[in-house]
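Taking the form predicted on its own, here's one chain by itself in structure tokens.
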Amino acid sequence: MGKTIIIIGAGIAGLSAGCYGQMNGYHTQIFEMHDKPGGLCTAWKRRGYTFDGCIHSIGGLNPRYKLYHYWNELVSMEKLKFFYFDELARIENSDGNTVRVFTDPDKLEQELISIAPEDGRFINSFITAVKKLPSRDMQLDKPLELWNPLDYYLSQFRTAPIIKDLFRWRKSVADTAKKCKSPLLKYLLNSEFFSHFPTYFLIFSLGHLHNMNAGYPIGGSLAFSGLLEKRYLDLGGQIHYNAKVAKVNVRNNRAIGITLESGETHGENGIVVSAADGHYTVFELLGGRYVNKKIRKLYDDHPIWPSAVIVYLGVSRTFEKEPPVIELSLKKALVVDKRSRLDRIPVTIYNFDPTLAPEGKTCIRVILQPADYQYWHHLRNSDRQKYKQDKDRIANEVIRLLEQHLGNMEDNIEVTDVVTPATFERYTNNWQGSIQGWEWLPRLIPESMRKELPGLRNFYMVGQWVEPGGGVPTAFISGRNLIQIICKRDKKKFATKLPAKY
């Protein structure tokens, strides 16, 4: 084996970096604060139910696209089972009107025209983009850090056919909705999750769901993370669980290893990679010594994806006639905390994954976002009894709302679990409980950070805090890209299989 790479965090980015590091002849070790892999891409069991904490869907499932072949370097995609959504969601407004967000663009066009004929021109343009844009594979062959002038020149020809469309749909979904005349269509487009993103993100999402390039892996987040963990261990990597890193050791502005909370040190003179929370890495592990104006501005001013309170229910009944996702409009706002009052809530009914619940039973997830991190962080630390009471209050209110909509709920609830921003902070160390890093402001590409910090050698960062956009594929590609960069600097050819001499 060659150089040592110490990786902080066994999330998707850390596992990806570890796998490709092993493939390229490096000796890697991962140090994870939790007792299981995946980071945010995780799940947990409660009395026979598995509550999934992450995946809505992942991209790269269609062999026509590069990402499929990248995934296949780590997991056997053809052996996995995926659920492909016919409906992305069913959205109901306060007047009782229901809109089905089909992933088939022709069905979606018919549905939208039926509710908003006055917006026919807008709808036609939107559907045309759904059919056109996702046909282009936007995945890069290598990280931008390794691009040369020829790469930049050729990229013009690859993006030329769609660049006008990208600029046309670059505004946030919320801003784009303002063009619509129909109140119902405006309401539909202002769905909490997509309203934060550029409109083309929604367009690509619908298109990839339709062409079966995106879907939900049966078994959920932890099962998927477990596949990457197994691949990493099979490649000879080592994972140290319950091993929280307290400090990155530095000598002469060069990272030389890590110190754990236990006092143990590891990785003397090895490369150090943080796949952990960005704020914790920059300002705690490194004491804020290696920052510039851009980094300070990001952490001082740039909005982050808000945290959430999530209610999980184990229900002793099935929901065969319900769609996977329903977004309910509330006549009376649901009070989450002192700052957060919601008038619509998304409900995921896991009737599409029988592995998460015993036969004849179902898991349900209700995401209440945004939630006030400061409120929940302070409450858990200062008044555990009130903290529990608030969680119980929210769970009971959600159950009451679902009883009104779905019926036959209250008598069939077997398990209730409530996750708060304080929970995310405890288990993943994410800054302010953020579940997706930086918010993607309405611009053509999201704000990003370099994988290296100014003035510090032998150290890199990966994950959603340096490559925003969120999601499992982004984290996976981040780890893959980093090893390509390290190989280039070590004058090694990047390999996607174990070296023959291993």
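Remember, predicted model here, so these are calculated numbers, not experimental data. Position 1 is the first residue in the sequence shown; the rest follow in order.
Another form, the form predicted in complex with a small molecule, is not on view; read the next lines as being about it.
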Residue among L133, A243, I304, L368 with a heavy atom within 4.5 Å of the small molecule in the predicted bound form: A243
Triplet E32, H56 and F424 all within 4.5 Å of the small molecule in the predicted bound form via a heavy atom: yes
Segment that reaches the small molecule in the predicted bound form - one of 289 to 297, 164 to 172, 145 to 153, 275 to 283, heavy atoms within 4.5 Å: 275 to 283
Partner proximity in the predicted bound form: T428 to the small molecule, non-hydrogen atom cutoff 4.5 Å: yes
Contact label in the predicted bound form: I483 to the small molecule, heavy atom within 4.5 Å: no
Contact label in the predicted bound form: I310 to the small molecule, heavy atom within 4.5 Å: yes
Partner proximity in the predicted bound form: T28 to the small molecule, non-hydrogen atom cutoff 4.5 Å: no
